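Next up is one chain by itself, shown in structure tokens, the form predicted on its own.
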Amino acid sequence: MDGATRRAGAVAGVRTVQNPIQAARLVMEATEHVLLAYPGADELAREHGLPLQPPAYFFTQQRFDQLQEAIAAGRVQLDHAAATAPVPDPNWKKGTVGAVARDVRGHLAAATSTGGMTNKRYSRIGDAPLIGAGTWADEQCAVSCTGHGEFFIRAVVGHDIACLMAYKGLSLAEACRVVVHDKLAPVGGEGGLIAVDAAGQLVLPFNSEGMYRASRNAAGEEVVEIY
């Protein structure tokens, strides 16, 4: 989502697109729509020459093992749930990936590519492609979320943060605290988000045990944290 124009694009259920964020941006820039689902989203990507891959490209043994474990236990689990391997793979990089950015003019943007939920049912779609829930950007803030999507959808998390800033005059940090800790946590909404405002203030709150997160500013200062 482009905060300066509030244009947005999203895809859901894609099966062949190598980089879903590129497909989402294509929806924003090349169509009059906001959200396209399979098979139309894949066809749009194909027509515009985006990289496509066969099913084998997306297979990883660790995720497959997680699925089998979840099926055996009869549960649904988040993409960043503990791996079944006794020794975690240090190169493991699969899961929800979100980004928020502020440019030199103060314009904001957000993007989210979900890792999904393991053993989900019935073509379930989470919060990541739903503008206002898992992804949001306007003139005052950009937000990208990760966590139990059903709770983020019902709380309209991204837009709620923007509303708290606009209508109640809260700072980005306070608005994020209210949503993540006061609204989501009490009802079981595990997860977190990354957000930046027009002044460049960065907030990365979460109510789960940890959340992989990192930031970098124009001065080259970098921060990488898990817990």
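Quick caveat, the model's predicted, so the values are computed rather than measured. Start at 1 with the first residue shown and count on from there.
Just so it is clear, the following notes concern the form predicted in complex with ligand ASP, a form of the same protein that is not shown.
| query | Among 109, 131, 78, 155, which has at least one heavy atom within 4.5 Å of ligand ASP in the model of the complex? | reply | Spelling it out, the residue with a heavy atom inside the cut-off is 78.
| task | Examine residue 135 and determine whether its closest non-hydrogen atom to ligand ASP in the model of the complex is within 4.5 angstroms. | result | Answer no; every heavy atom of residue 135 is more than 4.5 Å from ligand ASP in the model of the complex.
| Closest heavy atom of residue 96 to ligand ASP in the model of the complex, within 4.5 Å or not? | Residue 96 belongs to the contact set for ligand ASP.
| field | Contact label in the model of the complex: residue 144 to ligand ASP, heavy atom within 4.5 Å | value | Taking the distances in the model of the complex, the answer for residue 144 is no, it never comes within 4.5 Å of ligand ASP.
| field | Location of ligand ASP contact in the model of the complex, chosen stretch of 67 to 75, 99 to 107, 112 to 120, 135 to 143 [non-hydrogen atom, 4.5 Å] | value | Going through the listed ranges, the match is 112 to 120.
| request: Can you tell me which bits of 127 to 142 touch ligand ASP in the model of the complex, meaning any heavy atom within 4.5 Å? | output: Just 127.
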